[in-house]
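One chain follows as structure tokens, the form predicted on its own.
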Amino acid sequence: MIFHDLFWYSEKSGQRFGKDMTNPSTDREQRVLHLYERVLEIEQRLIPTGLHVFGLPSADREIRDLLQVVASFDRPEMGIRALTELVAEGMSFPSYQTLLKESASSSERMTEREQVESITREAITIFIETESQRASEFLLNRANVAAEQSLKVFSMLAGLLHQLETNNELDSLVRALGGRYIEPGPGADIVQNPSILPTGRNTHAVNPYAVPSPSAVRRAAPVAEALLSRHLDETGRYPESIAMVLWGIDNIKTEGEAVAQALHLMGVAPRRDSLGRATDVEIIPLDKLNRPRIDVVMTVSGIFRDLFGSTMALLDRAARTVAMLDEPADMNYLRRHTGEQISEGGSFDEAAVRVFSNAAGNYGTNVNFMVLESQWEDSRELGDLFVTRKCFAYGRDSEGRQFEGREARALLERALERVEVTYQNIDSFEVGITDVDHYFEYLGGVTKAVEKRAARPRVYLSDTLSPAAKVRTLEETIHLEARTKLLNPRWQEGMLKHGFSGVAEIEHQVTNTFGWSATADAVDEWVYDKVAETFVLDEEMLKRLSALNPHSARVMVGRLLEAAGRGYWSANGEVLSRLQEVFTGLEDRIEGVSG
């Protein structure tokens, strides 16, 4: 297996890992396990291997990988257990979730995990190439998985396979152009909600009064606790205040998972009326919560504000309810901070405001535009712009009077002064934090705003798109995306086959990566080194990029020069000279200047 090959290599390399040489093999094994865990994370990450072509179904390899991930999740609403859990149980191993948690520190667990994943992968391949019955028989013989259980999984996968191999987008477009009815369907990530298939339907949102859904609440609690545990492990204490980014589309896709996380961090749960609407909150007792209540500052997108007015009211009610609880200050940080602000001369209504967004009718932070157009001198300007755009408070006062879009810059700044962590969810394997500029616009913007008013906060993102749901630092997430996409030859070739548009996508990745330097200084220099080496210093690759899309090639080279000029990348003189030469050559080519 790969793990044993990797361990053998480390033995033969003669490297000495760790300080304790009295038992070097044990320490070395732990380090190799950790390294291998990182390799697996990169290998198993789902990534798009090209742009979506309207009207074309997915490729066979993409379908296999996708079905394997879909089959690795429990679907309690369908009475289906994860195939990986069934295999682990059938082989008398610990649960698959346990294997995922312990494989980085135990060679035995890593070996068991590999067996489970290998058998699951082979079963999916048999299913695709033959039929459900053959795949079920394989699992029964190989891993003692009851046919009754596996056939439920394969029945679901059979429907997905048929839908993935067909595509209704062109037919639906023709129907739409003719003014005819288009069947509706939910919008979400296929891993989280396979019912989004088939494609080509008229995407609808969710009932805002049902947000967060019971399933979102169930999924949110362990992720919120994992976020707090990560901070506790790294600092030795819980964060008193977290600034959280909430987007409308994300919460449509997950039925409000991020909303449920915010509520859980504050130590409350939604209370539902007889129609299932989340109309109020109920307090989770401290002895059950077993930790302090966190002060959560919520910066909300304009789309979220427009679509989820009732949810914003719920979040505001949660914050005010927690702030009024008669609890020790060291177990209720929201109450502590509200009290401190009142003692400074503020009112309770002002001190308890925690939901902020744009002014009515306005959208976005414009931080992305300032970065993309290089219209900033000091990065603190980006944080100030974020506050200017997002300093409008939403909620109700103590008398029940509603205030929507009231400018409250001083209140937002006061709340951000206490923030120790900034945080956001990643909701889709198709769109990561370097695929679009909105991630650095929001999470990067609020991080820079906090940094100016207090200190640079810890920045985390949660990723629940695989069975091993993880909370990563911003730096770890950028590393993962750089290795799996931008610096991955398979991703590069997948984009280049789309010609002009593909090169533009590569440039967007570089630019959005730079956006994280501008807003959070979170990009290691090796990333820029590798980008320059891969796309500019490689003459063959540069020729391809320049021939397909010289405009995007020039922007990409210019962005590398900007990274160096602003101090985010210490490139050597030779590299900078070559970049400047290439940039000038591309400019001349675009403007029609002959050599």
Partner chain sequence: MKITVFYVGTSLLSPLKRAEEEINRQSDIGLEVSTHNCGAALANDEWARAEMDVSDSHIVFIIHVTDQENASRISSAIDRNRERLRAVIAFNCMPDLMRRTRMGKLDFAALMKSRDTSEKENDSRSIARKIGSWMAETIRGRREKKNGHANPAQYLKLISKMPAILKFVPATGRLGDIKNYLFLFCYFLQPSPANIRSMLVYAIKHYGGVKARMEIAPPEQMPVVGIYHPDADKIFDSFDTYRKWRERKLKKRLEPATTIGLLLMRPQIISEARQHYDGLIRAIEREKLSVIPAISTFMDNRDACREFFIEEGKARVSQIVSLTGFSFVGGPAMNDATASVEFFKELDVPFRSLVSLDVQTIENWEQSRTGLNAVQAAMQVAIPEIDGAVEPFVFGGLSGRGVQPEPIEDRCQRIARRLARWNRLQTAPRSAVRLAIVMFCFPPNKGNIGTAADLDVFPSLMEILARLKSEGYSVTVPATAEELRKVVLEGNSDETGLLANVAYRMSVDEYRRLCPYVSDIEREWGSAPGVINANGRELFMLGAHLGNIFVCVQPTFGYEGDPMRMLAAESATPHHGFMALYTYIEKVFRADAVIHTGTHGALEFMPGKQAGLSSSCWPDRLMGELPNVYLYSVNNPSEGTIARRRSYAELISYLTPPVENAGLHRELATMKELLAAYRRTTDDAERDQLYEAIEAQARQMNLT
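Positions refer to the first chain, counted from 1. All figures in this text were calculated on a predicted structure; none of them were measured in a lab.
Separately, the form predicted together with its partner chain exists; it is not shown, and the next lines address it.
Not displayed here, its partner chain is approached by P208 to within 4.5 Å at the level of heavy atoms in the predicted bound form. Taking non-hydrogen atoms only, F369 approaches its partner chain to within 4.5 angstroms in the predicted bound form. Residue contact with its partner chain in the predicted bound form: E169 places a heavy atom within 4.5 Å of it.
Its partner chain in the predicted bound form comes within 4.5 Å of no heavy atom belonging to F348. Comment: 423-431 is the region of 289-297, 423-431, 138-146, 257-265 lying near its partner chain in the predicted bound form, near meaning a non-hydrogen atom within 4.5 Å. None of E85, E451, D437, D316 but one reaches within 4.5 angstroms of its partner chain in the predicted bound form through a heavy atom, and that residue is D437. A single residue from the set K152, R414, R336, R389 has any heavy atom within 4.5 angstroms of its partner chain in the predicted bound form; that residue is R389. Residues are counted as partner-facing when one of their heavy atoms sits within 4.5 Å of its partner chain in the predicted bound form; in 246-266 these are G248, I249, I252, K253, in sequence order.
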